[in-house]
Structure formats: C-alpha cells, structure tokens
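Okay, so here's just one chain, in structure tokens, the form predicted on its own.
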Amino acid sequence: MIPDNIQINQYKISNSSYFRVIFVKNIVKALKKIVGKNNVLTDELILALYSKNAIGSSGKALCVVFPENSTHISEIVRLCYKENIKIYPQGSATELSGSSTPHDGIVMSFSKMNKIEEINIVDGYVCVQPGVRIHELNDVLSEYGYMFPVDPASGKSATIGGAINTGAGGLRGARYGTMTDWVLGLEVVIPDENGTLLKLGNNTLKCRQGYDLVRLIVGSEGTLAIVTRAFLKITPAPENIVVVTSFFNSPEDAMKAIGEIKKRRMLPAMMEFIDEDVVRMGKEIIDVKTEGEGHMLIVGQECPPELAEKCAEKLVNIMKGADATYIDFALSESEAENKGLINLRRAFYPLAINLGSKEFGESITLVLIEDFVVPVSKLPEAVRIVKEAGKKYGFMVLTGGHVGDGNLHPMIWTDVENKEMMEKAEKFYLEIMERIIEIGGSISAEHGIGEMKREGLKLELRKRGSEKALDIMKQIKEVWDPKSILNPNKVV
C-alpha cells in the first residue's frame, strides 16, 4: 500500500529545481515502500542505460523500478495515477520505433518478473510472466518437442511482454504469423485510481468475450495497459528443416522464385532476403563461407528427415528456374548452422551498426530501420523505391526482410549531431512511406509506431480516407488511460 505519511502533491505546485528534487525523492521513497529499496534505482548511469533503445534514441527517466509481481504493479500504478506520474513499461528495449523511450517519468522494468509459470502440452499453452525472454522459453519448450514460433531477430534479448506490446513477428512469420496469432489470454493492470487488475481472454484455444480486448492490447505498445501475465499458444517444433540459400542478379529474379514456391503450394517456415550491398559488405566484415554474390534469398522448408533430399531438390530446381547464380543447401538446421547459411541474414542489423560507427567515428550514430509491408507481388517495386530514394538523398541503404509475408527493413545510418543529415533522413523515410502506401503497402509490419512513426500513421490513414480511425484510437486511449500516464505520446 502507498504510505499515507508521505506527502507528494504539495511539491508539484512549484517549478523550482529544489522542489522538484524533493518531489522526486518522495516518489522514490514511496516506490521503495511498495517494491523494496533494492528494486528502485536512481543512479544517473543506470538511468541513462534504461533511457536508450536499440536504435540509439534516448530520453530521460526519474528512476527505474523493478516490480516482482502483479500486486507491486497495481500499487505502483495507483500511486502514479494519484500523482500524475508517467510510467514507461520496458522489457529489454530492443524495439526500433521509440516506443520504450521515457520522457520524465518512471521506467518499469520487468526483468524480475521472468518466470515460466505453467507448461500445458495437452491443452496447448504456456503461462509466462512478461520478463521471460523468447529464446529462454523455447529452450524449455524444446525439451517437450514444442516451440513458441514468434522469433524476432532480437529473440535472444526480446521479452514476451515486449513482443506482445509491439505485435512482434520474425523469421518464421511467413508460416506462423505474428504475436496476434499466438496470444490466448492476458492479465493486465490498467491505469486507473485502483490499479485495477483485469483478466482478458483465457487459456483455451477458443474464446469469445465480446469485443476482443486481448487483440487490442497486442500491438498497443504499452499505451493502454501493463501486461503482468500471458497465456500463449504453443505448437510442436518441426521435425526437420531444409535450408536453401540462393543468389540472384536482381531482386526480380529472387521474387520470381518466391512466386514459384507459392504456386507449388509450399509453405516455408522462413523466406528471408538481403540485397547485394548487404552481401558484399557483410562478406568483408564477418566470416562467411559462401561464394555467392548478388541478392540473397534464404528459404527454410519444414519436412521429415526421410524427405529432406527430395525437398531440397525441389527447392534447388525452383531457384535454378529463377536464374539463381549460386545455390547452396543443407538437409537440416544443424547442417545449415555448421555451413553458416544464415549468418549474413543474422548480421543484417549488427552490420549497419558496425558500418555506421566506422563512418562517423566518435559521433553519435543513429541507425534508422524501416518496417513496411507490401503485397508479395510488389516486393521488387518496393526494393526499387528504397534504392532510388537512397540515391536521391545520398544514403547507402541496406535492405533485407521477411519476404515470405512482404515485410522489408531498409536501413540507413546517420549522425544525430548533423542537422542537415537528420533532415535528409526524415525526408528519405517520408518519401518511402508515401510511395509504399501508393503501391498498396503499410508503413509498419511488426516494429510498431512508437514516437518515430506517428506522422507516418497519420499519412497512411489520410491517404486511405480513414482519418476517423485515428480519432477512434485517441478515444480508446482516453478510455483506458484517462490521465495519459502510460507511455504517453506514443502511437497516437
């Protein structure tokens, strides 16, 4: 409970730095009463660490608090609601849209709520706390021959709570979709005077409770409620995966291969693309065994071990028919790992960071990564749009993505201290978003809106004649969070 003897409001009437210090001290004192003194940190270096996300954008926090259970969260929310203190929920801050960046409020970290509470194979679900990391969950599920299939590139760091809030996808999205498809039920705390705990959805594979509030929370980026527990659907892990990597002279040839795979009624678990610039520069920086050059397509097809050779042969023939210049394959995931067939794709984001730091030296490098989706048939046009815009504004653009579901991630790097370059970056991405919308795409596929793509969301809804949808979203935010204390100024 909030200690009654701690007076906070009286200090909020003044803008004086002295009274602000007193106010913050009293907030910290109240939080320590709730979660314990070791679970509230105020050291400036620690605050700086928790105020920065994966792309390098940063903010400022009053303190970092580590709840250990839903009761802690409820009491923290009740305190913050009463005192109008902003709350910024945070998993591992691997998001790429600025949705975890704090601005003068408390960061709520879930690193101490990291328990897998239940695994139910017969009923097909797991119950986990929000701080559980995706790869840790899959390590445990592998002992049962099962998996949780959503696998963002940051899966070794990304938490379940963060993945829920961003609506994450990943390398297996072509077959298994995104978080929207795998969340059965949620326990959440909403930002009201009581810090009310709600249980939404269920642990059953089907559930109809009127309006689907579970799906409303998934992808809401921490703006509506705080996830304290999740019931997730699980699936048997594939017995075996054949991996084929191919190189092409043009994106059109690579996309021709994708079209042929779909026409033959194959449903790969993975279809990944990286452009020729990523291949060329990646081979200069990391240890890659392949001799292939050009645009790279990686396909992973689930099949039993006894059919692996037949499956590989079928995929290889498709690649040859699409004029692949170089092909390699592995009959299993372990063989693919040994041959390093996926190394270049995994190095996509680290490569941009590495190159950016080399170009700008000690300057503050900001890696900006787009996240748009187009109809699969429009992928070659989308790649051309990105490359043309890069030349226009003077950026080297690295392009890769999950082409099985039409999702591309073009990246540039810039110097945050160079005003002219930052303005060009903004124009570059705005032009890309406009043109992607024109060919039937959407500005965000799996990274969310955060604070970096709010204008892009407005642009898309306006071009679709659906501005009213933004008004509805704002009304939803107001209903769930009337004081706008929960991750404010994000999404809408």
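Computed from a prediction, not measured in an experiment: that's the story for all the values here. Numbering starts at 1 and follows the sequence shown.
Note that the form predicted in complex with a small molecule isn't included here; everything after this is about it.
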If contact means any heavy atom within 4.5 Å, which of 141-149, 240-248, 157-165, 321-329 contacts the small molecule in the predicted complex? 157-165
Just to confirm, with a 4.5 Å cut-off on non-hydrogen atoms, which of 180, 343, 92, 418 contacts the small molecule in the predicted complex? 92
Just one of 461, 63, 54, 437 has a heavy atom within 4.5 Å of the small molecule in the predicted complex. Which one? 54
4.5 Å heavy atom contact, residue 125 and the small molecule in the predicted complex: no
The small molecule contact in the predicted complex: residue 410, any heavy atom under 4.5 Å: no
Find out whether any non-hydrogen atom of residue 170 is located within 4.5 angstroms of the small molecule in the predicted complex, and reply yes or no. yes
So in the predicted complex, does any heavy atom of residue 271 sit within 4.5 Å of the small molecule? no
Please state whether all three residues 110, 130 and 447 have a non-hydrogen atom within 4.5 angstroms of the small molecule in the predicted complex. yes
